[in-house]
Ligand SMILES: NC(=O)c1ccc[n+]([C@@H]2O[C@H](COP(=O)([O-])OP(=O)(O)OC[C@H]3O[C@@H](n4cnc5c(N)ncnc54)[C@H](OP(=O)(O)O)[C@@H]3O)[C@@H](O)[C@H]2O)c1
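As a starting point, one isolated chain is supplied in structure tokens, in the form predicted on its own.
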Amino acid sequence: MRALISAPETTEGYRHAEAPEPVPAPDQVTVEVRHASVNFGEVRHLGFQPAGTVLGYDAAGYVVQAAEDGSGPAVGERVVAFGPGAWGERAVFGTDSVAVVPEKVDLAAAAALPLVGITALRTLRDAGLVLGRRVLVTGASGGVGRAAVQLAKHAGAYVVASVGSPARGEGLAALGADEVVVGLDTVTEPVDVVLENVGGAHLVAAWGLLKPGGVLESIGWASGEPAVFPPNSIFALGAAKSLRSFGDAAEPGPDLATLVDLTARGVLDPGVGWRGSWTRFGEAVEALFGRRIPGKAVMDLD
């Protein structure tokens, strides 16, 4: 089959090539991949995996071989999936890592959901009840940020969306942001929860905006810069503040089903900001690095 594979020996770190057909375990389905999405973290680390590794994690397509153990969707079902090896014409996924996609949801849109949707959903869940609370989302124009804005609003939060430029903030109010700000300097009112995607100085500033008893969820580090806290800046009177990290993507199937359902009901817009043939993968990489894509990049495996 054709696939996008790791190629550490090349300047780009990847190449289109023939790859072996994946062999499913008894609890895995084989999916004919029609669409796959590209995450910023993936393109940041192209070529870091062993040579020949089929890249990617987010996919949507059709089941062409059901799981041997009888679990999971049947042959012919439209599914969205999360797991390694997604950027190939066929891929295998555990039956606990797929969800059936209803006909009313476009498969390309579904392909944009897995990593960013699971991250936003589980991070908000970890932060606790947000109904009536102020939630700050940094890096709100990215895939995780856009999903977090929508999910937090749906859960009843007052959402403050922070972006890097006015252009990056376009459309966020329509997705549910009550305030859209550039940077954090204009945020003067404390917040209860922070979903932090930028890292570096942004993380430090966001910590300073957190109320006593609040939670800061450190999700991403798009800035690539260190976070330097001034002496005593993490101390605060009152209830303890928490800084947590997120990295749990185990058994995503039920949460994928939730995300697909929210999309089908019009609650969640997956946010496909770039879509094209996987032969144009290099364009998607350049656009992601240049911060020219609001939301997700989705490839058609044509």
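Counting begins at 1, following the sequence as shown. Just so it is clear, the model here is predicted, and its values are computed rather than measured.
There is also a form predicted together with this ligand; it is not shown, and the following applies to it.
Note on the interface: of 95-103, 128-136, 205-213, 113-121, the segment with non-hydrogen atoms within 4.5 angstroms of this ligand in the predicted bound form is 113-121. Proximity to this ligand in the predicted bound form, defined as a heavy atom within 4.5 Å, holds among G41, G52, G47, G276 only for G41. Residue G247 is the only one of G266, G238, G247, P26 with a heavy atom lying within 4.5 Å of this ligand in the predicted bound form. Using a 4.5 angstroms limit between non-hydrogen atoms, Y158 is distant from this ligand in the predicted bound form. Put simply, A284 is far from this ligand in the predicted bound form: not one heavy atom of it is within 4.5 Å.
For R168, a non-hydrogen atom is located within 4.5 Å of this ligand in the predicted bound form, even though that partner is not displayed. With a 4.5 Å cutoff on heavy atoms, V144 counts as touching this ligand in the predicted bound form. Contacts of stretch 190-226 with this ligand in the predicted bound form, defined by any heavy atom lying within 4.5 Å, are made by N197, V198, I219, G220, W221, A222, S223, listed in sequence order.
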